[in-house]
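In structure tokens, the next block holds one chain alone, the form predicted alone.
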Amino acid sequence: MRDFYQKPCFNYKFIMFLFKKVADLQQYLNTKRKEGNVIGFVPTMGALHEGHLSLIRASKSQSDLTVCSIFVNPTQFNDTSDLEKYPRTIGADIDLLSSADNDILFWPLDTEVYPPGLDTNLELDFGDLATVMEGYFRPGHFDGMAQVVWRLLQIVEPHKLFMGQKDFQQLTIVRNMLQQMQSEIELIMCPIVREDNGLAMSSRNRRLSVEDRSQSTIIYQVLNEAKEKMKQEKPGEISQWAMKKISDCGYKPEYFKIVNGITLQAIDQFKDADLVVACTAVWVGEVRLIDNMILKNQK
């Protein structure tokens, strides 16, 4: 059976349904689908913030019914300590989703997503998309990510999938997965939401010290400067400069790559691609942050 979360809002009450069982969620969504409702889906791992809520709002504006999932997927963590440290804040998450008028929360146990006897492995080849940047430093991460996203899409069967630009490589791989699976689901990229100092909003930000949270604005500053430098310098030169600039500020960049936004391969000249993105990962203390900026987009 479904639960529901009810929150008074001035002169009306908004009701958000909460499902924990796959069968219950599917039964409800099948009814709504037959009524002609367009279903939007926002998959998350919880510890929600304004960036997640922007995805909910995007779905609300383009769909009749919005489903948000909260599931901390164990198969995409190559570091077990990182999995253990991942924040779990379901009470606060429910309040935030209700404030955004989310329609349905799917909050399953591991055994619902990965039931015994069900083969959820994907036999897909992402090629170089999954071996560069995050794929190089977090081997196996994208296999686990693709596995859970496809499994959740099988469960929800949405018309539209909303994902954030902040995880640009992840979004690119999901787009490739949908193409390989010949799925008709529409993938919609939503812009990065930033804190006042430019730091990209992330569930990991709450693990930053007050000082690091303030100083980590350097990542956004370097991305902006990289965009300015593209007028006179080559991508490789800018990447080297950015790595040094971040290191000189006392942080540890794993990479700063300027890539073709479709293939994710580094480019030699800005004219080599219509979509160019600067992507970076930086250790700020004990917290690993990722960010990116679209430098060129000629559709």
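Just so it is clear, the structure is predicted and the values come from calculations on it, not from any experiment. Numbers for residues come from their place in the sequence shown, where the first is 1.
Another form, the form predicted in complex with a small molecule, is not on view; read the next lines as being about it.
Novice: Non-hydrogen atoms within 4.5 angstroms of the small molecule in the predicted bound form: do 22, 33 and 158 all have one?
Specialist: So, no: the whole triplet misses the small molecule.
Novice: Counting only non-hydrogen atoms, which stretch in 125-133, 188-196, 112-120, 93-101 is within 4.5 Å of the small molecule in the predicted bound form?
Specialist: Only one stretch qualifies here: 188-196.
Novice: Consider the chain as shown here, without its partner, and state which of 38, 45, 262, 230 has a heavy atom within 4.5 Å of the small molecule in the predicted bound form.
Specialist: Exactly one listed residue reaches within 4.5 Å, namely 45.
Novice: Identify which of 234, 245, 49, 57 has a heavy atom within 4.5 Å of the small molecule in the predicted bound form; exactly one of them does.
Specialist: If I apply the 4.5 Å criterion carefully, the residue I get is 49.
Novice: Would residue 153 count as touching the small molecule in the predicted bound form under a 4.5 Å heavy atom rule?
Specialist: Taking the distances in the predicted bound form, the answer for residue 153 is no, it never comes within 4.5 Å of the small molecule.
Novice: Is residue 215 one of the residues lying within 4.5 Å of the small molecule in the predicted bound form, judged by heavy atom distances?
Specialist: No, residue 215 is distant from the partner.
Novice: Does at least one non-hydrogen atom of residue 180 fall within 4.5 angstroms of the small molecule in the predicted bound form?
Specialist: Close contact is absent here: in the predicted bound form, residue 180 is far from the small molecule, nothing within 4.5 Å, heavy atoms only.
Novice: State yes or no: in the predicted bound form, is some non-hydrogen atom of residue 83 no more than 4.5 angstroms from a non-hydrogen atom of the small molecule?
Specialist: Answer no; every heavy atom of residue 83 is more than 4.5 Å from the small molecule in the predicted bound form.
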